[in-house]
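Given as C-alpha cells, the chain that follows is alone and in the form predicted alone.
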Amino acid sequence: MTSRRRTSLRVGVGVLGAMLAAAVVGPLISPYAFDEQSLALIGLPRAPSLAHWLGTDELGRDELTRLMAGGRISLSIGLAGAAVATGFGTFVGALAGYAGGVVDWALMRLTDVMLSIPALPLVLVVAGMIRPTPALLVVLIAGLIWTPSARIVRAQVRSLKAADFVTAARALGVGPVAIVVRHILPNAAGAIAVSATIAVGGAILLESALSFLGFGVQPPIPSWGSLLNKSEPWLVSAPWLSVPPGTLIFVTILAVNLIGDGLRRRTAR
C-alpha cells in the first residue's frame, strides 16, 4: 500500500473514530443533559463561555452536549442504514450475478426502477404519513440507497463466477449458495467495503436532510440536521448554533470518503 493510501485510511478512520467516541462518551461525561434547560439563560442564545464551550440555544440548553447527543442519532442511523442497505444490496447483487438469465434481468430492472425514484421526496412523503422513529428512518434510508451496492456486487460476482476456483468448487459438488458465500463474496470483500462507505455517506446526508426539514427524529431528541434547522433564525446573530453541526456533517462525510478512497486504491492494486 502506498503512502497516499495509508494516509487516506488513517486520517479517515481517525476522524470517524473520534466522532464516534465523542458521540458515545461525550454525553456521559458532560455536566449537562442534552435537554437540560438553564432558566437564567432562556430567551436568547448565549455566546460560548467557560461554562458552555459552544454556547447555549434560546432555551438555555448546552450546545456542545446537544451536538454530541445529536451525533449519536445521526451516526447511528447513518451507519445502521448503510449496513442494512449494503447487506440487502449484496444479497440482490450476488443473486442476480450468479443466477443470471431471467433472475438477473428482473432484479436489475427493479434496481433501475429504484434508481429512478427521487429519494428525498419519497422519504418526505412516507415520513409525513408515519411518525418517524430511528428504526423507521433506518429502513426508509436503506430502502433507497441499496442500489449502488447491488450493482457493484453483481459486477463482481459475474466476473468471479467464471474463475478457476469457482469451477473447481462446482466440480467438487459444492452447492451454489456455498460457492457464493464461501468463495465469491470473500473475494469481492474489497468492492463491498467501498460500496459500504458510499452508503454511509449517503445515509448520513439523507438523515441530516430529513431532520433539517423536520421529518427526522422528533424533538426533544437532537440530531445534527435538526440542530441546523433550529439554528436557522439565529444564523447571523448566533452563528455558534449553525456552524458546528454543519461542520460536523461535512467532516464526517469527508472522513467516510477518505476511507472509501483508501479502500478503493488498496483493492485496485
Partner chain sequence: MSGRVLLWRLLAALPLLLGISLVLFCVIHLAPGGPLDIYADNPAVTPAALARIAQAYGLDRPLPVQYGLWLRAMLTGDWGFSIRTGRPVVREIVERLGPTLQLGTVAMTIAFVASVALGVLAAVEEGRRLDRAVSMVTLVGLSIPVFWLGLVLQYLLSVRLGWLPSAGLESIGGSSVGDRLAHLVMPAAVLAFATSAGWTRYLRAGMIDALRQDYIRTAYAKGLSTRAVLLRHALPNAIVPAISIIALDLASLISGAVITEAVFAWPGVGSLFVESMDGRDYPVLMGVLMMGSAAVILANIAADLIQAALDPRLRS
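Residue numbers count along the first chain shown, from 1. The structure displayed is predicted, hence computed values, not measured ones.
Below, we refer to the form predicted together with the partner chain, which is not included among the displayed structures.
Participant: At 4.5 Å between heavy atoms, is D112 in contact with the partner chain in the predicted bound form?
Facilitator: Contact with the partner chain, yes.
Participant: Whether V24 contacts the partner chain in the predicted bound form should be assessed with a 4.5 Å heavy atom distance threshold; does it?
Facilitator: No, no contact at 4.5 Å.
Participant: Heavy atoms within 4.5 Å of the partner chain in the predicted bound form: does Y32 have any?
Facilitator: No - in the predicted bound form, heavy atoms of Y32 and the partner chain never come within 4.5 Å of each other.
Participant: So in the predicted bound form, does any heavy atom of L235 sit within 4.5 Å of the partner chain?
Facilitator: Close contact exists here: in the predicted bound form, L235 approaches the partner chain to within 4.5 Å, heavy atoms only.
Participant: Which one, L54, I42, L213, I221, lies within 4.5 Å of the partner chain in the predicted bound form by heavy atoms?
Facilitator: Only one option qualifies, and that one is L213.
Participant: If you check A163, V126, V174, A193 against the partner chain in the predicted bound form, which one has a heavy atom within 4.5 Å?
Facilitator: Contact with the partner chain in the predicted bound form is made by V126 alone.
Participant: Taking S116, I249 and L254 as the candidate spot, are all three within 4.5 angstroms of the partner chain in the predicted bound form by heavy atoms?
Facilitator: Every residue of the candidate spot has a heavy atom within 4.5 Å of the partner chain in the predicted bound form.
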